[in-house]
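Take a look at this single chain in C-alpha coordinates; it is the form predicted alone.
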(Lines give C-alpha, C1' and ligand atoms only; values in the text may rest on other atoms or scores of the structure.)
Protein backbone atom coordinates (compact mmCIF):
# COMPACT_ATOMS: atom_id res chain seq x y z
CA UNK A 1 0.00 0.00 0.00
CA UNK A 2 1.49 3.32 -1.02
CA UNK A 3 1.43 5.31 2.20
CA UNK A 4 4.85 6.95 2.01
CA UNK A 5 3.15 10.27 2.71
CA UNK A 6 2.52 9.19 6.30
CA UNK A 7 6.28 9.10 6.90
CA UNK A 8 6.40 12.67 5.61
CA UNK A 9 3.79 13.63 8.20
CA UNK A 10 6.12 12.58 11.03
CA UNK A 11 9.06 14.32 9.36
CA UNK A 12 6.99 17.50 9.00
CA UNK A 13 6.16 17.44 12.73
CA UNK A 14 9.74 16.78 13.86
CA UNK A 15 11.15 19.52 11.59
CA UNK A 16 8.58 22.17 12.52
CA UNK A 17 9.58 25.11 14.69
CA UNK A 18 6.41 24.85 16.77
CA UNK A 19 3.07 23.06 17.00
CA UNK A 20 0.16 25.35 16.15
CA UNK A 21 -3.30 25.13 14.55
CA UNK A 22 -1.89 25.73 11.06
CA UNK A 23 0.53 22.78 11.33
CA UNK A 24 -2.14 20.50 12.79
CA UNK A 25 -4.52 21.32 9.93
CA UNK A 26 -1.72 20.67 7.41
CA UNK A 27 -0.84 17.25 8.78
CA UNK A 28 -4.54 16.32 9.00
CA UNK A 29 -4.94 17.14 5.29
CA UNK A 30 -1.79 15.14 4.48
CA UNK A 31 -3.11 12.12 6.38
CA UNK A 32 -6.51 12.40 4.69
CA UNK A 33 -4.91 12.45 1.23
CA UNK A 34 -2.69 9.46 2.03
CA UNK A 35 -5.53 7.35 3.42
CA UNK A 36 -8.02 8.17 0.67
CA UNK A 37 -5.39 7.44 -1.99
CA UNK A 38 -4.89 4.06 -0.34
CA UNK A 39 -8.64 3.37 -0.66
CA UNK A 40 -9.47 3.63 3.03
CA UNK A 41 -13.21 4.17 3.49
CA UNK A 42 -13.94 7.93 3.49
CA UNK A 43 -16.02 7.67 6.67
CA UNK A 44 -13.15 5.96 8.46
CA UNK A 45 -10.73 8.60 7.19
CA UNK A 46 -12.93 11.34 8.63
CA UNK A 47 -13.23 9.57 11.99
CA UNK A 48 -9.46 9.12 12.24
CA UNK A 49 -8.48 12.64 11.19
CA UNK A 50 -11.24 14.36 13.22
CA UNK A 51 -9.95 12.58 16.31
CA UNK A 52 -6.34 13.56 15.54
CA UNK A 53 -7.27 17.22 15.05
CA UNK A 54 -9.44 17.39 18.16
CA UNK A 55 -6.86 15.77 20.42
CA UNK A 56 -3.87 17.66 18.98
CA UNK A 57 -5.56 21.02 19.55
CA UNK A 58 -7.20 20.33 22.91
CA UNK A 59 -5.17 17.81 24.88
CA UNK A 60 -2.57 18.93 27.37
CA UNK A 61 0.97 17.79 26.56
CA UNK A 62 1.82 14.82 28.75
CA UNK A 63 4.51 15.20 31.37
CA UNK A 64 7.94 14.17 30.08
CA UNK A 65 7.01 14.92 26.45
CA UNK A 66 7.48 17.91 24.24
CA UNK A 67 4.63 19.14 21.96
CA UNK A 68 6.06 17.40 18.86
CA UNK A 69 6.28 14.02 20.58
CA UNK A 70 2.78 14.51 21.94
CA UNK A 71 1.29 15.09 18.46
CA UNK A 72 3.19 12.13 16.96
CA UNK A 73 1.82 9.98 19.78
CA UNK A 74 -1.73 11.12 18.95
CA UNK A 75 -1.28 10.39 15.22
CA UNK A 76 0.10 6.94 16.07
CA UNK A 77 -2.73 6.10 18.50
CA UNK A 78 -5.54 7.19 16.19
CA UNK A 79 -4.08 5.35 13.18
CA UNK A 80 -3.70 2.29 15.38
CA UNK A 81 -7.33 2.59 16.42
CA UNK A 82 -8.26 2.92 12.74
CA UNK A 83 -6.36 -0.22 11.74
CA UNK A 84 -8.26 -2.38 14.23
CA UNK A 85 -7.29 -5.61 15.92
CA UNK A 86 -4.86 -8.34 14.96
CA UNK A 87 -5.51 -12.07 15.33
CA UNK A 88 -2.68 -14.10 16.80
CA UNK A 89 -3.22 -17.82 16.24
CA UNK A 90 -1.62 -19.81 19.09
CA UNK A 91 1.00 -22.47 18.36
CA UNK A 92 -1.10 -25.51 19.20
CA UNK A 93 -3.00 -28.27 17.43
CA UNK A 94 -5.48 -26.53 15.12
CA UNK A 95 -7.36 -26.70 11.84
CA UNK A 96 -7.57 -23.66 9.56
CA UNK A 97 -10.01 -23.33 6.67
CA UNK A 98 -9.19 -20.76 3.98
CA UNK A 99 -12.00 -19.19 1.93
CA UNK A 100 -12.16 -16.41 -0.65
CA UNK A 101 -12.94 -15.60 -4.25
CA UNK A 102 -10.93 -16.96 -7.17
CA UNK A 103 -7.75 -14.99 -7.79
CA UNK A 104 -7.35 -13.80 -4.21
CA UNK A 105 -4.24 -15.94 -3.71
CA UNK A 106 -5.69 -18.66 -1.47
CA UNK A 107 -3.56 -21.55 -2.73
CA UNK A 108 -0.26 -19.68 -2.43
CA UNK A 109 -1.38 -18.40 0.98
CA UNK A 110 -2.18 -21.92 2.15
CA UNK A 111 1.43 -22.96 1.47
CA UNK A 112 2.88 -19.80 3.03
CA UNK A 113 0.71 -20.24 6.11
CA UNK A 114 1.83 -23.85 6.45
CA UNK A 115 5.46 -22.81 6.12
CA UNK A 116 4.95 -20.11 8.77
CA UNK A 117 3.71 -22.65 11.32
CA UNK A 118 6.27 -25.26 10.26
CA UNK A 119 9.02 -22.72 11.04
CA UNK A 120 7.46 -22.32 14.49
CA UNK A 121 8.00 -26.02 15.17
CA UNK A 122 4.54 -27.47 14.36
CA UNK A 123 3.96 -30.55 12.22
CA UNK A 124 1.99 -28.95 9.41
CA UNK A 125 -0.03 -30.27 6.45
CA UNK A 126 -2.09 -28.74 3.63
CA UNK A 127 -5.25 -30.13 2.07
CA UNK A 128 -6.42 -29.34 -1.47
CA UNK A 129 -10.21 -29.10 -1.28
CA UNK A 130 -10.43 -26.93 -4.39
CA UNK A 131 -12.03 -29.18 -7.00
CA UNK A 132 -13.16 -26.31 -9.23
CA UNK A 133 -9.87 -24.89 -10.46
CA UNK A 134 -7.99 -27.58 -12.47
CA UNK A 135 -4.51 -26.30 -11.59
CA UNK A 136 -5.17 -26.02 -7.83
CA UNK A 137 -4.10 -29.59 -7.03
CA UNK A 138 -0.76 -29.40 -8.86
CA UNK A 139 -0.01 -25.88 -7.61
CA UNK A 140 -0.54 -26.70 -3.93
CA UNK A 141 1.26 -30.05 -4.27
CA UNK A 142 4.33 -28.39 -5.81
CA UNK A 143 4.40 -25.59 -3.23
CA UNK A 144 4.04 -28.07 -0.37
CA UNK A 145 6.88 -30.21 -1.71
CA UNK A 146 9.16 -27.19 -2.18
CA UNK A 147 8.55 -26.15 1.45
CA UNK A 148 8.77 -29.79 2.69
CA UNK A 149 5.21 -29.73 3.99
CA UNK A 150 2.82 -32.70 4.03
CA UNK A 151 0.19 -32.59 1.27
CA UNK A 152 -3.15 -34.34 0.86
CA UNK A 153 -5.36 -34.22 -2.21
CA UNK A 154 -7.37 -36.50 -4.49
CA UNK A 155 -6.80 -35.36 -8.05
CA UNK A 156 -9.72 -37.16 -9.68
CA UNK A 157 -12.24 -36.73 -6.87
CA UNK A 158 -14.70 -33.86 -7.37
CA UNK A 159 -16.30 -34.22 -3.93
CA UNK A 160 -14.50 -31.58 -1.84
CA UNK A 161 -16.34 -32.54 1.36
CA UNK A 162 -15.28 -36.19 1.02
CA UNK A 163 -11.67 -35.14 0.32
CA UNK A 164 -11.60 -33.15 3.58
CA UNK A 165 -13.18 -36.04 5.47
CA UNK A 166 -10.52 -38.45 4.16
CA UNK A 167 -7.72 -35.95 4.78
CA UNK A 168 -8.59 -35.51 8.45
CA UNK A 169 -8.40 -39.28 8.98
CA UNK A 170 -5.05 -39.45 7.20
CA UNK A 171 -3.53 -36.39 8.89
CA UNK A 172 -4.78 -36.88 12.44
CA UNK A 173 -1.21 -36.87 13.83
CA UNK A 174 -0.38 -33.43 12.45
CA UNK A 175 -0.46 -30.30 14.62
CA UNK A 176 -1.69 -27.79 12.05
CA UNK A 177 -3.95 -28.70 9.13
CA UNK A 178 -4.66 -25.99 6.55
CA UNK A 179 -7.54 -26.55 4.14
CA UNK A 180 -7.53 -24.71 0.80
CA UNK A 181 -11.10 -24.44 -0.49
CA UNK A 182 -12.51 -23.47 -3.89
CA UNK A 183 -13.11 -19.90 -5.01
CA UNK A 184 -15.37 -18.49 -7.71
CA UNK A 185 -15.62 -15.16 -9.49
CA UNK A 186 -18.61 -14.42 -7.27
CA UNK A 187 -20.02 -15.82 -4.04
CA UNK A 188 -22.62 -18.19 -5.54
CA UNK A 189 -25.07 -20.36 -3.64
CA UNK A 190 -23.32 -23.57 -4.72
CA UNK A 191 -20.02 -22.32 -3.34
CA UNK A 192 -21.65 -21.23 -0.06
CA UNK A 193 -23.25 -24.66 0.37
CA UNK A 194 -19.90 -26.37 -0.23
CA UNK A 195 -18.13 -24.14 2.30
CA UNK A 196 -20.83 -24.81 4.90
CA UNK A 197 -20.50 -28.60 4.39
CA UNK A 198 -16.70 -28.48 4.57
CA UNK A 199 -16.92 -26.43 7.76
CA UNK A 200 -19.27 -29.01 9.28
CA UNK A 201 -16.92 -31.88 8.47
CA UNK A 202 -13.67 -30.10 9.30
CA UNK A 203 -14.93 -28.19 12.35
CA UNK A 204 -12.05 -25.72 11.88
CA UNK A 205 -10.65 -23.73 14.77
CA UNK A 206 -10.28 -20.76 12.42
CA UNK A 207 -12.06 -19.78 9.22
CA UNK A 208 -9.87 -17.21 7.50
CA UNK A 209 -10.95 -15.06 4.57
CA UNK A 210 -8.24 -14.34 1.97
CA UNK A 211 -8.63 -10.87 0.43
CA UNK A 212 -6.65 -9.34 -2.42
CA UNK A 213 -5.28 -5.95 -1.28
CA UNK A 214 -5.89 -4.48 -4.75
CA UNK A 215 -9.64 -5.02 -4.52
CA UNK A 216 -10.11 -1.65 -2.84
CA UNK A 217 -13.44 -0.79 -1.24
CA UNK A 218 -15.16 -3.85 -2.75
CA UNK A 219 -13.36 -5.73 0.06
CA UNK A 220 -16.04 -4.66 2.51
CA UNK A 221 -18.85 -6.17 0.42
CA UNK A 222 -16.93 -9.43 0.00
CA UNK A 223 -16.04 -9.70 3.67
CA UNK A 224 -19.66 -9.14 4.74
CA UNK A 225 -20.94 -11.79 2.31
CA UNK A 226 -18.48 -14.46 3.51
CA UNK A 227 -19.03 -13.55 7.15
CA UNK A 228 -22.80 -13.86 6.81
CA UNK A 229 -22.43 -17.17 4.95
CA UNK A 230 -20.09 -19.12 7.26
CA UNK A 231 -18.78 -16.75 9.94
CA UNK A 232 -15.20 -15.51 9.51
CA UNK A 233 -12.68 -15.53 12.37
CA UNK A 234 -9.93 -13.54 10.68
CA UNK A 235 -8.66 -12.03 7.45
CA UNK A 236 -5.47 -12.55 5.44
CA UNK A 237 -4.61 -9.71 3.06
CA UNK A 238 -2.55 -10.77 0.03
CA UNK A 239 -0.55 -8.79 -2.56
CA UNK A 240 -0.09 -6.02 -0.02
CA UNK A 241 2.88 -4.44 -1.80
CA UNK A 242 3.92 -0.89 -2.55
CA UNK A 243 1.41 -0.43 -5.37
CA UNK A 244 -1.67 -2.09 -3.91
CA UNK A 245 -4.50 -0.05 -2.42
CA UNK A 246 -4.73 -2.16 0.71
CA UNK A 247 -6.69 0.42 2.65
CA UNK A 248 -9.95 -1.07 1.39
CA UNK A 249 -9.15 -4.42 2.99
CA UNK A 250 -8.10 -2.72 6.23
CA UNK A 251 -11.36 -0.75 6.21
CA UNK A 252 -13.37 -3.91 5.61
CA UNK A 253 -11.82 -5.64 8.60
CA UNK A 254 -12.49 -2.64 10.85
CA UNK A 255 -16.06 -2.13 9.59
CA UNK A 256 -17.13 -5.72 10.16
CA UNK A 257 -15.09 -6.13 13.33
CA UNK A 258 -12.97 -9.04 12.06
CA UNK A 259 -9.28 -9.05 13.05
CA UNK A 260 -6.47 -9.34 10.50
CA UNK A 261 -4.29 -12.41 11.00
CA UNK A 262 -1.60 -12.18 8.29
CA UNK A 263 -0.39 -10.01 5.43
CA UNK A 264 1.24 -11.28 2.25
CA UNK A 265 3.47 -8.73 0.53
CA UNK A 266 4.77 -10.70 -2.47
CA UNK A 267 5.10 -14.08 -4.18
CA UNK A 268 8.03 -15.42 -2.13
CA UNK A 269 7.50 -17.43 1.05
CA UNK A 270 9.35 -14.80 3.09
CA UNK A 271 6.89 -12.14 1.87
CA UNK A 272 4.37 -13.21 4.49
CA UNK A 273 4.04 -12.02 8.06
CA UNK A 274 1.81 -12.11 11.07
CA UNK A 275 -0.21 -8.89 11.34
CA UNK A 276 0.86 -6.86 14.34
CA UNK A 277 -1.17 -3.60 14.39
CA UNK A 278 1.35 -1.69 16.52
CA UNK A 279 4.29 -2.70 14.34
CA UNK A 280 2.31 -2.07 11.16
CA UNK A 281 1.42 1.51 12.11
CA UNK A 282 4.94 2.16 13.39
CA UNK A 283 6.28 1.08 9.99
CA UNK A 284 3.79 3.31 8.13
CA UNK A 285 5.03 6.30 10.14
CA UNK A 286 8.69 5.45 9.53
CA UNK A 287 9.25 4.28 13.10
CA UNK A 288 10.19 0.75 12.06
CA UNK A 289 8.92 -2.67 13.10
CA UNK A 290 11.56 -4.30 15.26
CA UNK A 291 9.39 -7.28 16.16
CA UNK A 292 8.94 -8.21 12.49
CA UNK A 293 12.68 -7.91 11.92
CA UNK A 294 13.41 -10.13 14.92
CA UNK A 295 11.03 -12.77 13.54
CA UNK A 296 12.69 -12.65 10.10
CA UNK A 297 16.12 -13.11 11.63
CA UNK A 298 15.00 -15.97 13.88
CA UNK A 299 13.46 -17.79 10.90
CA UNK A 300 16.44 -17.59 8.58
CA UNK A 301 19.04 -18.27 11.26
CA UNK A 302 17.14 -21.42 12.20
CA UNK A 303 16.99 -22.56 8.57
CA UNK A 304 20.71 -21.96 8.05
CA UNK A 305 21.64 -23.38 11.49
CA UNK A 306 23.18 -20.09 12.56
CA UNK A 307 23.58 -18.67 16.04
CA UNK A 308 20.94 -15.92 16.28
CA UNK A 309 22.60 -14.28 19.30
CA UNK A 310 25.89 -13.96 17.43
CA UNK A 311 23.99 -12.53 14.48
CA UNK A 312 21.94 -10.07 16.53
CA UNK A 313 24.91 -8.83 18.56
CA UNK A 314 26.85 -8.09 15.37
CA UNK A 315 29.79 -10.21 16.52
CA UNK A 316 29.89 -12.39 13.41
CA UNK A 317 32.99 -12.69 11.22
CA UNK A 318 33.43 -13.00 7.46
CA UNK A 319 33.48 -16.75 7.96
CA UNK A 320 29.99 -16.46 9.42
CA UNK A 321 28.98 -14.11 6.60
CA UNK A 322 29.73 -16.87 4.10
CA UNK A 323 26.68 -18.73 5.41
CA UNK A 324 24.80 -15.68 6.57
CA UNK A 325 24.70 -14.15 3.09
CA UNK A 326 22.29 -16.92 2.11
CA UNK A 327 20.28 -16.29 5.25
CA UNK A 328 20.08 -12.60 4.38
CA UNK A 329 18.98 -13.58 0.88
CA UNK A 330 16.02 -15.41 2.41
CA UNK A 331 15.16 -12.30 4.42
CA UNK A 332 14.91 -10.35 1.18
CA UNK A 333 16.74 -7.24 -0.04
CA UNK A 334 18.58 -5.19 2.56
CA UNK A 335 16.43 -2.23 1.54
CA UNK A 336 13.43 -4.21 2.87
CA UNK A 337 15.24 -4.82 6.15
CA UNK A 338 15.89 -1.10 6.50
CA UNK A 339 12.15 -0.47 6.16
CA UNK A 340 11.76 -2.28 9.48
CA UNK A 341 14.18 0.12 11.19
CA UNK A 342 13.10 3.63 12.26
CA UNK A 343 14.01 6.32 9.75
CA UNK A 344 17.03 8.25 10.87
CA UNK A 345 18.52 5.23 12.68
CA UNK A 346 21.62 5.77 10.55
CA UNK A 347 22.49 6.61 6.98
CA UNK A 348 23.86 3.99 4.59
CA UNK A 349 25.06 3.98 1.01
CA UNK A 350 22.22 2.79 -1.26
CA UNK A 351 24.72 0.76 -3.30
CA UNK A 352 25.51 -1.31 -0.21
CA UNK A 353 21.80 -2.01 0.28
CA UNK A 354 21.40 -3.48 -3.20
CA UNK A 355 22.43 -7.08 -2.57
CA UNK A 356 21.79 -8.99 -5.79
CA UNK A 357 22.17 -12.69 -6.56
CA UNK A 358 25.22 -11.86 -8.68
CA UNK A 359 26.87 -9.97 -5.84
CA UNK A 360 26.27 -12.84 -3.44
CA UNK A 361 28.03 -15.28 -5.77
CA UNK A 362 30.91 -12.84 -6.24
CA UNK A 363 31.26 -12.28 -2.49
CA UNK A 364 31.53 -16.02 -1.90
CA UNK A 365 34.27 -16.30 -4.55
CA UNK A 366 36.15 -13.45 -2.87
CA UNK A 367 35.88 -15.10 0.55
CA UNK A 368 37.17 -18.37 -0.93
CA UNK A 369 40.39 -16.48 -1.71
CA UNK A 370 40.85 -15.28 1.87
CA UNK A 371 42.96 -16.94 4.55
CA UNK A 372 41.41 -18.39 7.70
CA UNK A 373 42.89 -15.51 9.69
CA UNK A 374 41.31 -12.91 7.37
CA UNK A 375 37.91 -14.56 7.56
CA UNK A 376 38.02 -14.61 11.36
CA UNK A 377 39.49 -11.13 11.77
CA UNK A 378 38.57 -8.85 8.83
CA UNK A 379 40.22 -5.87 10.54
CA UNK A 380 43.64 -7.10 9.40
CA UNK A 381 42.70 -6.81 5.72
CA UNK A 382 44.76 -3.86 4.50
CA UNK A 383 45.39 -2.56 0.96
CA UNK A 384 48.05 -5.18 0.14
CA UNK A 385 45.77 -8.00 1.30
CA UNK A 386 42.88 -6.52 -0.70
CA UNK A 387 45.10 -6.57 -3.81
CA UNK A 388 46.12 -10.21 -3.23
CA UNK A 389 42.50 -11.29 -2.58
CA UNK A 390 41.28 -9.53 -5.75
CA UNK A 391 43.92 -11.22 -7.92
CA UNK A 392 43.27 -14.62 -6.34
CA UNK A 393 39.49 -14.39 -6.82
CA UNK A 394 39.62 -12.87 -10.31
CA UNK A 395 37.73 -9.80 -9.12
CA UNK A 396 38.58 -6.11 -8.76
CA UNK A 397 39.87 -4.11 -5.80
CA UNK A 398 36.49 -2.37 -5.73
CA UNK A 399 34.67 -5.73 -5.45
CA UNK A 400 36.71 -6.70 -2.39
CA UNK A 401 36.18 -3.28 -0.80
CA UNK A 402 32.45 -3.60 -1.47
CA UNK A 403 32.34 -6.91 0.43
CA UNK A 404 34.15 -5.35 3.39
CA UNK A 405 31.77 -2.39 3.31
CA UNK A 406 28.78 -4.73 3.21
CA UNK A 407 30.18 -6.65 6.19
CA UNK A 408 30.63 -3.45 8.24
CA UNK A 409 27.16 -2.21 7.29
CA UNK A 410 25.50 -5.45 8.40
CA UNK A 411 27.36 -5.37 11.72
CA UNK A 412 26.06 -1.84 12.28
CA UNK A 413 22.51 -2.85 11.28
CA UNK A 414 22.44 -5.73 13.73
CA UNK A 415 23.96 -3.75 16.60
CA UNK A 416 21.54 -0.89 16.01
CA UNK A 417 18.61 -3.28 15.76
CA UNK A 418 19.58 -4.90 19.07
CA UNK A 419 19.57 -1.48 20.74
CA UNK A 420 16.19 -0.68 19.23
CA UNK A 421 14.81 -3.99 20.48
CA UNK A 422 15.79 -2.91 24.00
CA UNK A 423 14.06 0.42 23.53
CA UNK A 424 17.10 2.64 23.02
CA UNK A 425 15.91 4.72 20.08
CA UNK A 426 18.40 6.72 18.03
CA UNK A 427 16.09 9.74 18.18
CA UNK A 428 13.83 11.01 20.94
CA UNK A 429 10.28 9.80 20.46
CA UNK A 430 7.74 8.35 22.90
CA UNK A 431 7.63 4.58 23.22
CA UNK A 432 4.64 3.66 21.13
CA UNK A 433 4.50 -0.08 21.52
CA UNK A 434 7.17 -1.41 19.22
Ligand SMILES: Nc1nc2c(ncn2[C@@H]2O[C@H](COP(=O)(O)OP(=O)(O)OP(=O)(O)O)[C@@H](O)[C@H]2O)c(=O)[nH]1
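Residue numbers count along the first chain shown, from 1. On a predicted model such as this, the values are computed, not experimentally measured, just so you know.
What follows is about the form predicted together with the ligand, which we do not show.
Novice: Please pick, from 266, 277, 259, 216, the one residue with any non-hydrogen atom lying within 4.5 angstroms of the ligand in the predicted bound form.
Specialist: It is 266.
Novice: The ligand isn't shown here, but in the predicted bound form which of 82, 105, 204, 153 has a heavy atom within 4.5 Å of it?
Specialist: Going through each option in turn, the one that passes is 105.
Novice: Is the gap between residue 139 and the ligand in the predicted bound form 4.5 Å or less for some heavy atom pair?
Specialist: Residue 139: contacts the ligand in the predicted bound form.
Novice: According to a 4.5 angstroms non-hydrogen atom cut-off, is residue 101 in contact with the ligand in the predicted bound form?
Specialist: Residue 101: contacts the ligand in the predicted bound form.
Novice: Flag residue 251 as yes or no: does it have a non-hydrogen atom within 4.5 angstroms of any non-hydrogen atom of the ligand in the predicted bound form?
Specialist: Taking the distances in the predicted bound form, the answer for residue 251 is no, it never comes within 4.5 Å of the ligand.
Novice: Going by a heavy atom distance of 4.5 Å, is residue 183 a contact of the ligand in the predicted bound form?
Specialist: Looking in the predicted bound form, residue contacts with the ligand include residue 183, since a heavy atom lies within 4.5 Å.
Novice: So which stretch, 83-91, 232-240, 360-368, 161-169, is the one near the ligand in the predicted bound form (non-hydrogen atoms, 4.5 Å)?
Specialist: Going through the listed ranges, the match is 232-240.
Novice: Tell me whether 388, 402 and 405, taken together, all sit within 4.5 Å of the ligand in the predicted bound form, counting heavy atoms only.
Specialist: Heavy-atom distance to the ligand in the predicted bound form: none of the three under 4.5 Å.
Novice: Going through 123-153, which residues have a heavy atom within 4.5 Å of the ligand in the predicted bound form? Please give them in sequence order.
Specialist: Read in sequence order, the residues that approach the ligand (within 4.5 Å, in the predicted bound form) are 130, 133, 139.
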